[in-house]
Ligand SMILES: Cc1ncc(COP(=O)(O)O)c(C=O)c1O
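Take a look at this single chain in structure tokens; it is the form predicted alone.
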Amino acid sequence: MNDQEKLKELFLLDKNICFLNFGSFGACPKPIFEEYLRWAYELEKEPVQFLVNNAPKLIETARIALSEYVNCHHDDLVIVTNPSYAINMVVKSLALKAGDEILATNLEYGACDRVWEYYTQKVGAKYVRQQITLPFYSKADFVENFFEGLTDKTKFVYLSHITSATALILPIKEICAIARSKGLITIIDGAHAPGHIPLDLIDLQADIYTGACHKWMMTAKGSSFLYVRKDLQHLFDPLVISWGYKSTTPSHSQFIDYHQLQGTRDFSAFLTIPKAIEFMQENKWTQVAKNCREITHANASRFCELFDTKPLAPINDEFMGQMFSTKIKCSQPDVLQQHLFQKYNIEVLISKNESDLFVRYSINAFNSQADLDKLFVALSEIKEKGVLLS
């Protein structure tokens, strides 16, 4: 059994399914899932002791491990269920005013677009979805295109570290530096970044950053984080007012108290973060990720050729990680995704960004060249029939 087969055995995924959609929800390896069950059992064995006395210390341990992994101070991040929760909390607290503008792109994740649209419409602010010309060919191309949307009313910059539908790594460090020079606050949706690409929050210099641990870090579902620069932390209210507000036993950090002490919750998923980091270290995940990128990149051109499209950006580590998207023409995208699953046993994402449709494959340790060959054959057959694909 080779290394790839050994790693495949560590995942709970159905062996009959060709799983090429890791990017949507991740997948939890057995050792990490067993850790999740262990903590869930500890909770049920003595709920009072666990929730009242043990949980705050255990969550702190998880925060410390996570902060070392993403390189920031552990008091500058809180663990939350998912990035959408984090973005809701941030946007609700921004005190937006009529006429304020938020500069984003037209490539953002739909759920978070909705958050911005909801709160900007309430006060008369404007969520500017700057149209990004695809393909782009360099970081400079993207940065210039993005800041064409800047006006004297822009107060915040918001964009994804890795886009969802189009699977592009964006030049966040460069964007943050320019935004900071202009006095703008940067808010980054890094849902796909932790465990996928190297992430150094101190080096990145984003003011606010949220990332998922349950995607590429492979923790149990419902485990993510929100980082806020220390001098901005006082601006953000919790979504749920609970024991952390006017705490009878306040900690040294109002930020931690407000956002981490939320009453009765199952913290088990949060507590798998140290195990996930240990799992990646033990299994040499830097090399695993490199192998996955190589497979992802090596197959990109033939999928573009199949659909007579061009890559959305240069096929290299600067712009593409373990996911690749190519544009398709499809009359019924939902039907196509189900058809691939039901007839071919392939789980892959068919996604929409504005009027464009994309097929996005994700590669992780359990995938091989054979998986992408299977997808290519399936899409070729469907395209040849001319019913769902053209």
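Each residue number is its position in the shown sequence, starting from 1. These numbers were taken from a predicted model, which means no experiment stands behind them.
Keep in mind that the form predicted in complex with the named molecule is not shown, yet the notes after this line are about it.
Trainee: Just to confirm, H259 within 4.5 Å of the named molecule in the model of the complex by heavy atoms?
Mentor: Close contact is absent here: in the model of the complex, H259 is far from the named molecule, nothing within 4.5 Å, heavy atoms only.
Trainee: State yes or no: in the model of the complex, is some non-hydrogen atom of F267 no more than 4.5 angstroms from a non-hydrogen atom of the named molecule?
Mentor: F267: no, not in contact with the named molecule in the model of the complex.
Trainee: My question is simply whether H192 lines the interface with the named molecule in the model of the complex - judged by any non-hydrogen atom within 4.5 Å.
Mentor: Yes, H192 sits close enough to the named molecule in the model of the complex that at least one of its heavy atoms falls within 4.5 Å.
Trainee: Is the gap between C112 and the named molecule in the model of the complex 4.5 Å or less for some heavy atom pair?
Mentor: Yes, contact at 4.5 Å.
Trainee: Name the residue from Q233, T186, T105, N82 that puts a heavy atom within 4.5 Å of the named molecule in the model of the complex.
Mentor: Flagged contact: N82.
Trainee: Go through L77, L271, I162, M218 and name the one with a heavy atom inside 4.5 Å of the named molecule in the model of the complex.
Mentor: Checking each option against the named molecule in the model of the complex, the one that comes within 4.5 Å is I162.
Trainee: Go through 169-177, 247-255, 199-207, 83-91 and give me the stretch that gets within 4.5 Å of the named molecule in the model of the complex, heavy atoms only.
Mentor: Going through the listed ranges, the match is 83-91.
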